[in-house]
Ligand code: BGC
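Just the one chain here, laid out as structure tokens, in the form predicted alone.
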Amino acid sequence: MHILGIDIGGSGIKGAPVDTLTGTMLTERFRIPTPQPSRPLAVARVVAEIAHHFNWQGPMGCTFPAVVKNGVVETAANVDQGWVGTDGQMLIQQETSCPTLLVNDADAAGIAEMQYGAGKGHTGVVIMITLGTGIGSAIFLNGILLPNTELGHLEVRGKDAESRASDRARQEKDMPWEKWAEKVDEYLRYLEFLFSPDLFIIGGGVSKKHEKFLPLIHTRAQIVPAQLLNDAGIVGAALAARELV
């Protein structure tokens, strides 16, 4: 079964057709910078451009960096505030003329990692954390997802965790890897206090450089890099959209 997966992020929108039986992308991903400002119609038109690039006419799954319920976007931390209350799923479906499922971005990445990546075969509590423009989260209990957790907005030292420990914070503050790892470590220890996970999976674009910071993080739970790296959102979006078929 082939489904187009599209990952909408704060800095870029990327997609590729996915074989949902194997969890592999069928082509190189195609990426377009996220329009600024990232208003709903502008983003939906970029998604349509990606679908057109692949001459796509079938079902598609799209991630979005916010709480999404029944296709409606309820928060907008790293995108334009005009998204709040927007039926993003319907908007994208109208622009692409393709059956569409809109899902939280970290939830999608977690779905991919649990089925085909670092979480495959793991039971108990697994927490997927994506470190990028913000911090995304997905929690699984025995493989079952608790959606829309948005744990990147937990307060750490009086600030949103993602303002301290996201990859964007590292880059904007020009933090050395060691200093940034301390902030990530503090954040993960707080999550351990709250949820007592058995496994942490660390994803997002920075996971490609996991050797620079993961050895500096010390959690009781096992901690591993995402195996699908920054493609997990694309694959997970397609997997989530299987219900459309």
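Note that the coordinates shown come from a computational prediction; the quantities given were computed from them, not determined experimentally. Residue numbers run from 1 along the displayed sequence.
Absent from the display: the form predicted together with the named molecule. The rest refers to it.
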6, 50 and 92 all contacting the named molecule in the predicted complex, non-hydrogen atom within 4.5 Å:
no
Which of 42, 217, 67, 32 has a heavy atom within 4.5 Å of the named molecule in the predicted complex?
67
Partner-contacting position among 77, 141, 175, 156 - heavy atom within 4.5 Å of the named molecule in the predicted complex
77
In contact with the named molecule in the predicted complex (heavy atoms, 4.5 Å), from 109-117, 126-134, 80-88, 93-101, is stretch 126-134
Taking any heavy atom pair closer than or equal to 4.5 Å as contact, tell me whether residue 162 reaches the named molecule in the predicted complex.
yes
Residue 150: heavy atom within 4.5 Å of the named molecule in the predicted complex?
yes
